[in-house]
Each structure stands twice: as C-alpha cells, then as structure tokens.
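So this first bit is one chain, no partners, the form predicted alone, shown in structure tokens.
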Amino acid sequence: MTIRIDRRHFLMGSSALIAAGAAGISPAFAQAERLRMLFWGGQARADRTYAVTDLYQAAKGTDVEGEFLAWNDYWPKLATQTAGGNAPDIIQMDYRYIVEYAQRNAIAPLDEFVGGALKLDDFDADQLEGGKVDGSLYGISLGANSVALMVNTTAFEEAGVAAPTRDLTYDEIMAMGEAFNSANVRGGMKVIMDGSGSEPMLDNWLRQKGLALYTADGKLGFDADAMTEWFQLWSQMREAGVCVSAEDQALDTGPHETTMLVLGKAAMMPSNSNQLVGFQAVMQDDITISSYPRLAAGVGGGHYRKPSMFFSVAGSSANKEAAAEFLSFFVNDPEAAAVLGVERGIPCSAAVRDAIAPTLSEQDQIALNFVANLGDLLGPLPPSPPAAAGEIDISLLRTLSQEVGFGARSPEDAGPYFVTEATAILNRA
C-alpha cells in the first residue's frame, strides 16, 4: 500500500510521543468491562474487526470499542492520545515503530500474561521474535506477510501481455510497459506506478544487491551511488512511459481509492500480500499478487516474512490483563479466525491456519500460498528500523521522488542529497 504523511503531521505525532515519554504518563482510569481499541485500515478491515469484537462481547461479556483511521491519520492521533494519557487499551502497532513505543513505555511488556490470559503455545517463533524489544514481548503479530506487487490481471489480458510471475525482472517491466503503450490500454494505462518513492520497494531492491536499508545499529546500509542508481532506474521508466507520470503519481494520497491501481492509471503497484483482499474489495477488475521484480534472472533474497502488524497494550492501560485476554481471543479463536481470514496476513498459529485453510476465499488462498512459497526470494527479517526512519521515508524519500519526477532535481543530485540528509536526520534522533 502506498502511504503518505506530510512532514507537519509526522513531526506533530512524533513530538507528542516524545512528550508522553518525558511526562511519564500514568495509567488512565477505565472500566474492566470496556476496552478501547485503535487501528488503521479501510472499511473492509474494520468490518472484520468489529465482527470479532461482537463475538468477543458475546463470549466474554466485555465490550471492545473500536476506532479506525487511514494510516496517514493514525500515527499523529495515536501519539497525541498517548501524550494526553488517553491512549486506547489496545493499539495496532507496526514493526517500524514498536521499538520507539516500547522504549518510551507507551506500550506495555506482555510476558507476565503469556501462558495465562495470553495463549501463544503454537505461535510461529519468528513472529514472536518480531514482537520483542530488548528481549521482552511488546507486540502480538496479527499475521505474517511479505511485500508483493498488486497485479490487475484484467488489464494484462486487455494488453495481450502475460501477467508477471515470481521470475519477473526490472528489464521485463520495461518490455511490458512498451507493450501496454502499444496496446493503448484504456486510453493510456501504464504497466506500473512510479515506485521511486516506495520505501519497501527500495528496501527490496537494496537487499537483492546485498545491501540494507538500515543496519542493526540504525545507520544507512547503502551509499550515494546506490541511491543515485535507484532514482535513475525510475527516471528511465518515467521517460519511456513505462511508469505513470509524476502528475498522476501525485494523486496518490494514501487510501486505496487514490492509488494508481484503483484509479486505473497503472496495472501494477508495490504493496503487501495481505492487502490483496482490501484492493479486490474496491475494484471490479480481477486482482492477484506477484513478487517484487528481481534485479536479474536468478537473483533473490529481497523478500522476508514480516509481522504485518501487531496488537500491543498501552502502557497507560488500567486493564492490561483484560486487553491481553482479548488479544488471545483475536489470534486463537477459530470463529474469529474464520472472520478475519488473511486480511492482516497469514495467521501465526499453526492450529488456526489449519482450521481456516478450507474456508478461505480465492484471494485469501492466493495470499496464503504466496507467503508460504517464497522460495529463493526469501531472506532474513531485517532489524527494526530506527525511530527516525519514518521521517526519512515521509519527509525525504517521497519528497525527492516527486522532485526528480517533476524535473526539479536530477537523479545524480538526489542520490547524494538523500544520503546526506538521511544521515543528518539519524544523527539528530
């Protein structure tokens, strides 16, 4: 999913979180029979989530009051509520931010509840590890996923081009783009969105080169030459009319409905495997997923199995044990699992996977099989990015992507500038 937050909102949210940590927020008063939950996502995710809270209330008598927002609105609101001592009991958390929230005591360690209120007996070990910070468990993975290309197979059929496979390369995207242009699909649809501002796509490209977006000690894992090459790659696609124009790409403000895929301006876009269900829900065309492109035939290792997101418990919650019980229900109950499917990723419990597999829709089966069969594309889970990574992504990478797209900077200027500015941001953090 393409996401965008402007610098003002990002910094506002970060400042609020810092204030919360400095103030030492104390537990908020709450009633044990009522829990508050905040999560990001679209209406399809909300419908599934609220169906599970209804199941939980019927089974346990506890009301879980949920609220959902788009990604770009979610983090500023969460940080502001945390700073005000009014954080929800249950917080949807991302791998990018879990270290920062844990280290500021904005979310609580859950180890004391494991084996009691929180059952994790057959959870995948890698997904448990992904939710740990400094050895303590702060997040319960809601599913495993991987980066993936969303592919409009209907558009590929109209272009007379075979849909991409897991062997797709960047060179083949160029050839596909030329075929789309020759076929004049729907009056000018391009084969792919402009991925130059997509941090996950950059990360995948770097990993295939044996580099990293960030090192374990929170530094950049690549140099200016690599970043210049990245911008040059997309400039070539843009100039050849293979990816969408900068003017079109600027229409993407975050929600599914504004993406190049849903607007019908591109037949492919970088996203995550668990997003297939959400995209198909808002599109008439048939959608599937494929892997991110390889640098060349036989080159792999760019993908990894990432916790799609976590549920965490607020450090200020007065109902931590009750919240842990809800988390346990959410990830273990078979009826809840049947409702949730794989919209948040592949379930981390082996028993749950076995229980829901026969009930999955076609799109859910595609997502499950994709994550389970990455093969030589699969590499190790990278370390959690540093706290400043969000600012680098939102305020720097996407800004430079647009500046290069609109011709305000050359790739040769943008590459070194990115590395210099990103390093300064990391050093200030």
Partner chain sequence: MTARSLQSGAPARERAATPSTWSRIWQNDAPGYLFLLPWLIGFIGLTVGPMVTSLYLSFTDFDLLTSPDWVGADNYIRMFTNDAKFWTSMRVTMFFVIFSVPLKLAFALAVAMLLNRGIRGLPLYRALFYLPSLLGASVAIAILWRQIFAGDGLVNKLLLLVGIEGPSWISNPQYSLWTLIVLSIWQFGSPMIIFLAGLRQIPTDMYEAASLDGASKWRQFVKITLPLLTPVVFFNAIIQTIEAFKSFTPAFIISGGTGNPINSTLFYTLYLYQEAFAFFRMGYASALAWVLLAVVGVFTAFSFFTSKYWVHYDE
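Residue numbers count along the first chain shown, from 1. Here the structure is a predicted model, which means the values were calculated and not measured.
The form predicted together with the partner chain exists for this protein as well; it is not shown, and the discussion that follows is about that form.
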The partner chain in the predicted complex: contacting segment from 82-90, 186-194, 288-296, 138-146, heavy atom within 4.5 Å: 82-90
Close approach of K265 to the partner chain in the predicted complex, 4.5 Å, heavy atom: yes
Touches the partner chain in the predicted complex: S361 (any heavy atom, 4.5 Å): no
Any non-hydrogen atom of D217 within 4.5 angstroms of the partner chain in the predicted complex: no
Touches the partner chain in the predicted complex: I394 (any heavy atom, 4.5 Å): yes
Every residue of R104, T253 and T399 near the partner chain in the predicted complex, heavy atom within 4.5 Å: yes
Candidate from D121, E239, E247, D134 lying within 4.5 Å of the partner chain in the predicted complex - any heavy atom: E247
Listed residue that, although the partner chain is not shown, lies within 4.5 Å of it in the predicted complex (heavy atoms), from G341, G300, P109, P76: P76
